[in-house]
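As structure tokens, one chain now follows by itself in the form predicted on its own.
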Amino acid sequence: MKVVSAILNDVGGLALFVKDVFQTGFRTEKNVKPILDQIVDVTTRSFTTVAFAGVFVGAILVLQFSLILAKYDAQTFLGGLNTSAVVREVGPLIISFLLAGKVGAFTAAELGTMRVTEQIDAIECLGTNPIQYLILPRFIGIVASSLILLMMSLMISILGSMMVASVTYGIYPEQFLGSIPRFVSFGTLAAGMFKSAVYGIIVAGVACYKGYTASGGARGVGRAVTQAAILTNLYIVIANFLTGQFLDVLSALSKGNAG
């Protein structure tokens, strides 16, 4: 019961924290430059890792899908299936996990250090809202960067997949690209962006919340970083299931209305 109570308490605190961030965002002005700085910083720090992962994720999917499609002599659909999987599932998940491990942990450690050294208390004493000054730029920066990185990784993954398919299986780039519109529509891209935004909110929310509420000196900062990493991955997996179900229901309803 204590474990369940602790989890529910943590989820409730996180929900109230994210609610406070959103409310502060709607009331905030003159915060554009710090937000843009955070977007640029997170994107540039994560781009190399995301690009490297995108190439190999695309290559792995090509190898796996090709084994299945070869049984049915349907390798001409390889590009479409590969791209659809990257957009809808693999891309948002991989990017969110990378952000959680790299940017999320750094954010939790940074804010946690500021909390235990009483820098956040000093900001409050000066009459400045720390949510507006510290949290909001980092929160929006992570969420916006997750969407930007998704589009970048998608293009890199397609190029990497196309090269592997051409070299390994002799599939021409025209064949690879030509099958993409049959499997990837605007709805597919919107679903991928929606998932990426949800996962980005989770990464940003958990990292900022754990860092902002850290206590207990250096050991407390380490504990906050560990909890942020573990809980972020757990919440992302749960959100993956829930968003998948939500999008399936939404798709079914739209088809029903169209019919």
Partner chain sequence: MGITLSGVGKKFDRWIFRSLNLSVADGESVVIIGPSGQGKSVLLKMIAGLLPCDEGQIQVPAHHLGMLFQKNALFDSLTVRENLTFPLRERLGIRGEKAEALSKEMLSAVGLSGSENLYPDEISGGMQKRLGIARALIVDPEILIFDEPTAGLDPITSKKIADLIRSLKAKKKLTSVTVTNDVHRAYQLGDRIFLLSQGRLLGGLSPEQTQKTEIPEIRQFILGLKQGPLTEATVESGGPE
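Just so it is clear, the model here is predicted, and its values are computed rather than measured. Positions refer to the first chain, counted from 1.
Just so you know, the form predicted in complex with its partner chain exists too; it's not on screen, but the next bit is about it.
With a 4.5 Å cutoff on heavy atoms, Phe106 does not count as touching its partner chain in the model of the complex; it lies far away. The shortest heavy atom separation between Glu118 and its partner chain in the model of the complex is within 4.5 Å.
With a 4.5 Å cutoff on heavy atoms, Tyr133 counts as touching its partner chain in the model of the complex. Residue contact with its partner chain in the model of the complex: Thr128 places a heavy atom within 4.5 Å of it. Partner contacts here mean any heavy atom within 4.5 Å of its partner chain in the model of the complex, and among 176-184, 72-80, 147-155, 120-128 they occur only in 120-128.
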